[in-house]
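Encoded as structure tokens, the following chain is the form predicted alone, with no partner shown.
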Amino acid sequence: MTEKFTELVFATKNKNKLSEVKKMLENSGIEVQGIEGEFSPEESGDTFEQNAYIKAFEAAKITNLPALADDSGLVVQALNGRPGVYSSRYEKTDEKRNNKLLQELKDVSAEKRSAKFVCSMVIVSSEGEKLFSVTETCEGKIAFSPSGGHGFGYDPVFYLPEKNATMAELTMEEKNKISHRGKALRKTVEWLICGRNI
């Protein structure tokens, strides 16, 4: 039986991510729930996609609902791809993570500060079967100092040359048009609205 998704759990405790996803799905007819209670599956994957699957599988198991999870992070060329899959664990707070990154790049010139945000999204059925996955990127550079009050994570130090602004200086609408998560979510929404089998 082919059935459209009407309810989906988003496997995150990050309220900022949840609000971004809800915003982009608000006219889709799909109700997005967050995860209640304790939720901290071990992100032991070597790739963003593997970690997204781990989170989605765990959320589906807990809620008995189809689950969407994303794993995203920052890949910095001059740091051999760090922080990568450890982006959220690089330091204890966003401010400390950004400060550590800027400190590590303090002697790196503007031309060599290339970086990209990566986002993998995975949907699993209530039984834990992977139904869909997508990976998208957003290219930019690491700024020399934080700027902007929007966004979260590494947004204040992620500079977009074509916008002459950091990600944190964009509105949520502007960010969603170009961000790694926005691109991945649009493809995910397109797949969801096609009414694939659950």
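Residue numbers here begin at 1 and follow the sequence given. It should be emphasised that the depicted structure is a prediction, and the values quoted were computed from it without experimental measurement.
This protein has a second form, the form predicted in complex with a small molecule, left out of what is shown; the following refers to that one.
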Item checked: Contact of residue 148 with the small molecule in the predicted bound form (heavy atom, 4.5 Å) -> no
Next item on the list: Considering only heavy atoms, tell me if residue 153 and the small molecule come within 4.5 Å of each other in the predicted bound form.
Entry: yes
Margin query: So in the predicted bound form, is the small molecule close enough to residue 9 to count as touching (4.5 Å, heavy atoms)?
Written below: no
Next item on the list: Report yes if any heavy atom of residue 175 sits within 4.5 Å of a heavy atom of the small molecule in the predicted bound form; otherwise report no.
Entry: yes
Notebook entry, point to check: Quick one: which of 153-161, 26-34, 59-67, 125-133 gets within 4.5 Å of the small molecule in the predicted bound form, going by heavy atoms?
Noted result: 153-161
Notebook entry, point to check: Within 4.5 Å of the small molecule in the predicted bound form, do we find a heavy atom from each of 43, 73 and 180?
Noted result: yes
